[in-house]
Ligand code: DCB
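As a starting point, one isolated chain is supplied in structure tokens, in the form predicted on its own.
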Amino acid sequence: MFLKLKACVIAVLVLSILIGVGIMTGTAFAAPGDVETASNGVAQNGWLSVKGTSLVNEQGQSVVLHGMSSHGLQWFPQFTTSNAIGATASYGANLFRIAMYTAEGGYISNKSGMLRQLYQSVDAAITRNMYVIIDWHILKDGNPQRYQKEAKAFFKKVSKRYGHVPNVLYEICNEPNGKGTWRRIRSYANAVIPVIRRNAPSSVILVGTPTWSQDVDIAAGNPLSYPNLMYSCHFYAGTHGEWLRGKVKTALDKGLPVFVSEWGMSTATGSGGVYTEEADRWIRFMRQHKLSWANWSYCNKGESSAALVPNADPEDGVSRSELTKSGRYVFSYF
């Protein structure tokens, strides 16, 4: 009881500090609306850390995070407001991932606008007692070293703002591909992680792996030497099956902590499906190995991986009729 009370007090103090920061910086923090806050979030678990292959809470107990990933902030900011994020918490989600694309009209071409939107979204998740992943969403850029200088500057800013907040996890490269080999990713991570650690010594950091974050087994052969790291695996049920689960199992057996920071019920294109039977296999696998996950994606885009139908408005909560087939499936597992 004392430990739970202590965690709640810490969460209240953190929120108070954040509100103070918002007042001092002129940033508006979204106030909770009529939808719920997460019931198994930061107030209950506090600071997270990595022990072996497991994510654990302040008491050293294993914890699994599960929730939604946004689509690109530049396209769907309306689904990252406080009420929109809170609508996922009302179904039981304790995690929200914010996909801030680097290219395609994202951060590289609109630094101030994207940073402002990101802050509003992170603050919204924090008010909902949720953990939140700040996702440096490389995709078409392929090799994370392409924008390494910008990444270091970005993570210096955001870690300075959120480094003492237990809610925030940092995902430093979404899906390396093309020339994004493990050697290049490793070099990039060794440049970026120390920047984060100067401001956020205790936060969990997620590192992408080669081939669109599938080659976790390759990363396991030469992991990074920092504490509190996890390695991203991404899958789409219509494209990735037993062969990828085998790679994850190999990585886990070698002691590599894996976080499924993006998965979908479609093919890897975001369309096709919904592949319920293969998703069932993945859900059983993730439960067996206590893997945390974020589903792609919380938006109303006209593709089968989207959780919401085209006319959905999550500002007043999300009804079952506003969920797609994918959304109904995923929300039932929060």
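Note that residue numbering begins at 1 and tracks the sequence as displayed. The structure presented is a predicted model; accordingly, all values stated were derived computationally and were not measured.
The discussion below concerns the form predicted in complex with the named molecule, not included here.
- At a distance threshold of 4.5 angstroms between non-hydrogen atoms, Thr102 is out of contact with the named molecule in the predicted bound form.
- The named molecule in the predicted bound form comes within 4.5 Å of no heavy atom belonging to Arg281.
- In the predicted bound form, none of the heavy atoms of Lys247 sits within 4.5 Å of a heavy atom of the named molecule.
- When contacts are judged by a 4.5 Å heavy atom cut-off, Thr209 does not count as touching the named molecule in the predicted bound form.
- Screening 60-68, 44-52, 296-304, 272-280 for residues having heavy atoms within 4.5 Å of the named molecule in the predicted bound form returns a single hit, 296-304.
- Not one of Trp182, Asp215 and Val258 places a heavy atom within 4.5 Å of the named molecule in the predicted bound form.
- This chain lacks the partner; the member of Ile108, Leu139, Ala191, Leu115 within 4.5 angstroms of the named molecule in the predicted bound form by a non-hydrogen atom is Leu139.
- Here is the short version: of Asn174, Thr88, Ser121, Asn167, the single residue with a heavy atom within 4.5 Å of the named molecule in the predicted bound form is Asn174.
- Contacts of stretch 227-262 with the named molecule in the predicted bound form, defined by any heavy atom lying within 4.5 Å, are made by Tyr236, His240, Glu262, listed in sequence order.
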